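Okay, so we've got a single protein chain in two different forms coming up as structure tokens, structure 1 first and structure 2 after it.
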Structure 1
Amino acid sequence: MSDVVSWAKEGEIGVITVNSPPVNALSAGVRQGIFDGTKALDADESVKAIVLICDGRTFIAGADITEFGKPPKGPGLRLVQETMEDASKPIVAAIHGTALGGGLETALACHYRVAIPSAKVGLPEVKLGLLPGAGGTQRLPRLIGPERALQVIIDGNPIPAPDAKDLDIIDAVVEGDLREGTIAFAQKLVDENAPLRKVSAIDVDASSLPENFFADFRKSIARKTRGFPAPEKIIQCIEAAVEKPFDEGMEIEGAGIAELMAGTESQALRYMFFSEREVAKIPDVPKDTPQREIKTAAVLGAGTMGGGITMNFANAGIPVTVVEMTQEALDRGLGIIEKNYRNTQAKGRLTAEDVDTRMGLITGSLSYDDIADADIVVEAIFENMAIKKEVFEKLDGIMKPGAILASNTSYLDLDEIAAVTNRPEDVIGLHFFSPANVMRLLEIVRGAKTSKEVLATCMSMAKTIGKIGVVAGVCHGFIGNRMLSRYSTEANKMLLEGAMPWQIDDVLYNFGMPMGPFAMGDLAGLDVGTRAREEFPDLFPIDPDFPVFADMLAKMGLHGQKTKAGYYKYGEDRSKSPNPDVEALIIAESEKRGIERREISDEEIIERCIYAAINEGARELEEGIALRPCDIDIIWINGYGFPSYRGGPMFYADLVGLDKVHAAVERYRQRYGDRNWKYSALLEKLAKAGKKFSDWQEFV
């Protein structure tokens, strides 16, 4: 026995119980306990069958990720599994919560598996840049066939117990008490003298495998898995399961996970896993900070952002009133919301009833009086300080005491907005990313006077509406957009110096960005940015030394995809090609300014775009705008599509080496001045000390 694993007998059924909060991960102690318990009960003649069950909220949720990269202790998981599979009596896994990764693999090493209806099982290792390394790639194909096994492992998503039963991953779904139900199932095996059924001994049924299955599968996932090495390794393991004996397949699986574990992609994804949880922790806001209930919501503005924000509340089952200035604008906004839902329904991801339910939660209004009792109001109107101040003064006089007053501003000074109200402690920024009903990121802007209660409430609400909330301090552009402006400025400057938009886009796409800044501009509409710069010059100050090519193109009627031409020309089939008019325009502008164009290397493009953002991120850390490097990384991965297999800009900088990053930043500051390369003492100190951003707190 140990403090995390115990065993006992109930009649002739032995029961091994794991109790290792929070998720019964397969730590060294848990592995040792299961190993010892299996040995002890297998040796006990009076025991005819064994149940493996867990206390707490879930069955084993996987290997203990915190042990990765550390010297292994205790019996390896494969040894534990072999001991279970080779036992002389049937072992039944009793599953509740989520049996994931090594947890499901341990259940697959049992002879039978039962689960309660609410349980889920899965092999999510691919999301950590890994593959199921404890026999999952060899046992699952034997249980459910190679095609279905490959899909389950490449998806990595949890499978509800009833579906897992249909897939033959589990043998029974038990209603009522799991322990009782599983003991009864085990007793029945004994009474019927059921066979042990070792999964590893089942032959893989490859008869249904279509010809060229693996080659076609590789093609089908190529784009989605760009840059990730784990999927290919997974496919190779499943091929081995089809073509080779179990032990040889296990060798290939073992070599595969060892290689992936050592790779930077998995380190980055594991870092991301913990970072997504870390950003929810605000150092000066304890977990037990009181929170306000958000039972009803209101949104000002039914435009692109307001409509998306409204959908977030309806999707979470929260009644929401959306307010517009005119009936026409309101009808248009509500119409777009319904159209979005109907499109999702058409793709089979929502039923007609779901759409009706969600639309039923949305109320349109032309009057602020209708939202006075809402628990939270999110303003999503013009990005104009004067207008926002006017609106917040109005809200201050109308909203009930205790209502949270939020602005979706993406740049403006939240403290200035809060100052026009009598309740600045109830004012907060909720910066959604467009499309607001899709993008997971929510920058939660903490004003100087925002109360801890309001902040804690909004962090919880973020999770409720399916967002990752990351706290940002008040500054121009908060965390993400402030860094993006550095990235975009360098890209534009390089056009004058010798690069072309398509070269820069290709380099950044191959780096892993979803698309380069110029293709992105064409997608968003070049006229949108131009209008913003014209309407809010203080928000988007233009560097007089460098032209904004987007504005020049916009004025020529080249707005991007919507006009079939921007930086690129677009064919009817959405294919794109470099726009020769743009090339001529750029070359002429260089000549006009007397700039001799030069060859710009791919490396310089990466350094000037990505390092400029990293340098700005370092400044945000030292200013306290960002709480931690991982907050910046989560923002860039979820808000701007920074490749997750690189861990985010700050994690990537640590991989490159801060000495190299700092040297490049210094080089560009010398060459271009510090307008876009402002000095970061933190970056310099870390670089000189041979440290990483993860060591940053010792240096501020």
Structure 2
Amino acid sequence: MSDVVSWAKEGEIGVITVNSPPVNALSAGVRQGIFDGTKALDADESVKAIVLICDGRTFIAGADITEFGKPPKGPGLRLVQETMEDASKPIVAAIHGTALGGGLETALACHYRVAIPSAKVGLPEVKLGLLPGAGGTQRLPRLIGPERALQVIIDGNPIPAPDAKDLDIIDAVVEGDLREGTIAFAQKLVDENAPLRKVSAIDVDASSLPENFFADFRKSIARKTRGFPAPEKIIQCIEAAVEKPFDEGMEIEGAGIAELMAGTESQALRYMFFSEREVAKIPDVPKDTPQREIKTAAVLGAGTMGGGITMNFANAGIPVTVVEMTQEALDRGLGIIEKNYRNTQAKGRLTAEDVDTRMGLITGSLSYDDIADADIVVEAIFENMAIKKEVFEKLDGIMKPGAILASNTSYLDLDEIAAVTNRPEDVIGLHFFSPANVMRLLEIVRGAKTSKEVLATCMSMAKTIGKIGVVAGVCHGFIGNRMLSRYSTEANKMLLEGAMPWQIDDVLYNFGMPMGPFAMGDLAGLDVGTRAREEFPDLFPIDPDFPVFADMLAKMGLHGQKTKAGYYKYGEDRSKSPNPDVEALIIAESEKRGIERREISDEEIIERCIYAAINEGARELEEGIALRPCDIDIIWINGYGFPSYRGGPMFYADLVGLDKVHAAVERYRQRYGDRNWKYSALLEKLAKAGKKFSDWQEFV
């Protein structure tokens, strides 16, 4: 017996019970206990079958992630699994909660698996840049076939118990008490003299595999998984399960997991795993801070952003009223919302009943009076300070006491908006990213007078509506857009100096961005940015020393994809090719300004775009706009498409080395001045001390 694992007998059935809160992770103590319990019960002649079950809220949830990178203690999981598989009596895993990663791999080493309907199983290691390293890539193909196993492992998503039974991962789904049901299942095995089904000994039937199956599968996931080495390693392991004996397959799996564990991609993804949990913690807002109930919501504006925000509330089951100025605008907005839902229904991700339920939670209105009793109102109208002030003055007089007044502004001074109300403590920024019903990020802007209660409520609400909430301070552009402006400015400056849009886009795409800034401009519509700069010159000041090529193209009628020409030319199938007219325009502008064009290397493109953003992120940390480096990284990965396998810009800087980043930043600052390369004392201090951004608090 041990502190975390015990065993006992119930008639002919031995029961091993794991009790290692909070999630029964496979720590050294748990592994040792299961090993000892299996040995003891297998040696007991009065025991005819064994049940492995867990106390608490879940079955073994997976590996003990705190042991990653540390010297191993106690028996390894592989030895524990072999001991279970080699037992002379059937062992049945009793699953509730989640059996993920090492948890499912432990269950696969049992001879049978039973679960309650609410349980979920899966192998999510790919989401951490890893592969199942305890036999998952070898046992699962033998149990359910290589095609289904490959899809399960590459997806990495949890599978509900009823679906897992259909896949043959689970042998039975039991209603009622799991312990009683599993003991009864084990007793039935004894009574029927059921065989010991050793999964590792099952031969893989590859006869049904389509010709070129693995090659075709690689092609099908190539775009989605670019930059991630784990999927390819997983495919190699499944190939080994098909072609080689179990022990040889385990060697290939072991080599694969070792290589991935040492790689920067997995380091980055593990960092992101912990960072998503860290950003939910606000240092000066205690866990027990009172929160307000959000039972009803209101959204001002039924445009693209307002409609998406409305869908978030409806998706979470929160009744929401959307207000527009005219019936035409309201009808159009509600129609687009329903169309979005129907498109999702057509893809099989919602039922007709789901759509009707969600649309039933949405009410349209032309009057502010209809939202007076809402618990929260989100303003999603024009990015114009005068209009927003007028709206918030009106809300201040209409909304009930205690209602949260939120602005979806992406640039404006939230404190200036809050100042027109008599309750600035109730005002907060909720910066959704477009499309708001899809993007996971919610930048939560904390004003100077925003109350801790309101902040805590909105952080909790973010989770309720399926978002990752990250706190930002008040400044122009907050965390993400402020950094983006540096990134975009450098990209545009390099056009005058010698680069072309397609070169910059290709380099940044190959770096891991979903697309470069010029392809993104074409997608969004070049006229959109031009209109914003014309209408809001204070928000988007133009540098007179550098032309805005997007504006020049827009005025020529080249708006991007929608006009089939922008920086690129577009075919009927949306294929793109460099636009020679743009190349001529850029070269002519360089000549006009007396700039001698030069060759710009791929390295310089990365440095000037990515390092400019990193430098600005360092300044945000100095100023307290960002709470931690991980907050910046979560924002850039979930809001701007920064490659997750690089861990976000600040983590990436740590991988490169802050001495190298700082040297490059200073070189460009000396060349171009402070306008886009403002001095960061924090970056310099960290670089000179040989530290990382993870050490930043020691230097501010």
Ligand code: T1G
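As the structure is a prediction and not an experimental result, all values here were calculated from the model. Residues are numbered by position in structure 1's sequence, first residue being 1. Definition used throughout: the rigid core is the maximal C-alpha set that superposes within 1.5 Å between two forms.
Of the two forms shown, structure 1 is the one predicted together with this ligand, while structure 2 is not. When the rigid core is held fixed, the Cα atom of V47 travels 2 angstroms or more between structures 1 and 2.
Comparing the forms between structures 1 and 2 on their rigid core, the Cα displacement of E684 stays under 2 Å. Core-aligned Cα shift between structures 1 and 2 at G11: this is 2.7 Å.
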